[in-house]
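Presented below, as structure tokens, is a lone chain in the form predicted on its own.
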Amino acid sequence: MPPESKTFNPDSTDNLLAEASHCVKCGRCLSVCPVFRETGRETEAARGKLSLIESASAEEIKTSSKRLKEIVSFCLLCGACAEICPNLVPGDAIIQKARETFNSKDNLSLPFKLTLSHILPFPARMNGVHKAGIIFHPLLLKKVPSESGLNWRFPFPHDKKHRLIPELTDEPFLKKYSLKKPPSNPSAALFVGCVSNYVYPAIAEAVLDILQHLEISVFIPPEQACCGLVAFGTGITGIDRKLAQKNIAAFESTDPIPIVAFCSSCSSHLKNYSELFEEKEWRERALKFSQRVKDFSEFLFDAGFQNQSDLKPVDSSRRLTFHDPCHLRRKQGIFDQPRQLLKSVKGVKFVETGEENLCCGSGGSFNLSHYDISLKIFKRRLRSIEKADVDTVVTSCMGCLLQFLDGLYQENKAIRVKHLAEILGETFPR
């Protein structure tokens, strides 16, 4: 593992400028930055961004210079720059803090502001939006061939191609399970996340099946909300803190059992909740919460799933690889566990592509705001997968999963994409 980069929590513009000045401009980040590889523009690598932040006046920072705001948006926050930095400068963290300075709620577009401020923090309102989506999606979305693997596509006017989005589930996962009687003595609590709740409940069902197979009793707090990573990455940490507080309160009754999250981006952010708060009470509550969080792959590995003797073989024709989410490999330092789990699946061939550290281009909201570049970054990752003659890509991040589904459709590739839980769930009868 590379040395751990520095962390910081600047409480002023001066601190932000000072942290940016720690970059010695060696340029090593240029060799690993996914955005710079595709554009070749210095301002879109960490070195360029940090140089501009450092040289900017405090007034420019405080008044959210339009050009600086645009420049810091061209970042996936993947952490590749921090991983390779010889001076241990946390470039991604500095850029995120710059976004926090620039992107006050007053600077947001009205739809985004309404979504972040008045919908995302309220699960009941999210359910209302879901209901509206079920009613109106036939009017807004166009059907695509069934062989694409998704049911709908949405025509973005600024995109050259039609972008794929999956069909909403008829009933949110959390709503379904809120009607069930919780176990009297649970040994784990489950964090579900937005995508699985509203789009892919089958993945959450697979997670439950696996945990039950291991005789792990699971409680699912119905009051849980979005993890808040999108708001955090965009710089809207006020909303992120509100979501964090909701989740901390929702899971406190389950203390001290572990909190299992099966989206690696969610688990990464949940583990860092304590860094969001300065006030003592919430910082202590957040720290207690975060120390209980386990990514699904590390939890299963620690529980000994890979040592099960009763796992049935699956389709022997498959050649699987694991795509490392940046929030799993870099942010959590988890690399070997998902591989050992997949290698325990009888009847499949697990292969490495040789470029597992490449980002897929999702980056939270990056693939919404910079879709064309996002697809170019994806194509670079796809090349190594094709060379390895892989027929199924396995990942554990919902953002990566959506990125692969859309990217493979755009490239007209027949490669399948599965969540880790879906593959492991095939090893025993439901």
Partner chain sequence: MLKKKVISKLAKIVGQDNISTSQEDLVCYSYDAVNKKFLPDAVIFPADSGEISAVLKLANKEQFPVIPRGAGTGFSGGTLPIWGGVVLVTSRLNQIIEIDTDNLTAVVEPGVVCGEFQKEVEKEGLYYPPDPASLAFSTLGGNVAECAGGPHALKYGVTRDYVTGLEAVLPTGEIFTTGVKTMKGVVGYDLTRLIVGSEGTLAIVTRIYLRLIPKPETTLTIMAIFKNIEAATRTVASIIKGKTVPSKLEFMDQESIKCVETYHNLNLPSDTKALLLIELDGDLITVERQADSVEEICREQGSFRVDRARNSQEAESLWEVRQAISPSLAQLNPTKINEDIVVPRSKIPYIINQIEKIKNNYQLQIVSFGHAGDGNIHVNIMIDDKIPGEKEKADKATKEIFQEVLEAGGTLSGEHGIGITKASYLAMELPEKEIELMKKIKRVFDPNEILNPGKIFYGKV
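From a predicted model like this one, the values you see are computed outputs, not experimental measurements. Residue numbers count along the first chain shown, from 1.
Absent from the display: the form predicted together with the partner chain. The rest refers to it.
Chemist: So in the predicted bound form, are Leu229, Leu276 and Gln291 all sitting within 4.5 Å of the partner chain, heavy atoms only?
Modeler: Not one of the three qualifies.
Chemist: Select from the listed residues Glu83, Asp92, Glu298, Asp240 the one whose heavy atoms reach within 4.5 Å of the partner chain in the predicted bound form.
Modeler: When the partner chain is considered in the predicted bound form, the option within 4.5 Å is Glu83.
Chemist: Given that the partner chain is not shown alongside this chain, does Ser365 nevertheless sit within 4.5 Å of it in the predicted bound form, heavy atom to heavy atom?
Modeler: So Ser365 does not count as contacting the partner chain.
Chemist: How about Thr392 - does it come within 4.5 Å of the partner chain in the predicted bound form, if we only consider non-hydrogen atoms?
Modeler: Contact with the partner chain, no.
Chemist: Check whether Ser31 has any heavy atom within 4.5 Å of a heavy atom of the partner chain in the predicted bound form, and answer yes or no.
Modeler: It does: once the partner chain is placed as it appears in the predicted bound form, Ser31 has a heavy atom within 4.5 Å of it.
Chemist: Is there a heavy atom of Ser51 no more than 4.5 Å from a heavy atom of the partner chain in the predicted bound form?
Modeler: Yes - in the predicted bound form, heavy atoms of Ser51 and the partner chain come within 4.5 Å of each other.
Chemist: Just one stretch in 357 to 365, 38 to 46, 370 to 378, 396 to 404 has heavy atoms within 4.5 Å of the partner chain in the predicted bound form, so which one is it?
Modeler: Result of the contact check: 38 to 46.
Chemist: Relative to the partner chain in the predicted bound form, which residues of 18 to 35 have a heavy atom no more than 4.5 Å away?
Modeler: Counting only heavy atoms within 4.5 Å of the partner chain in the predicted bound form, the contacting residues of 18 to 35 are Cys23, Val24, Lys25, Cys26, Gly27, Arg28, Leu30, Ser31.
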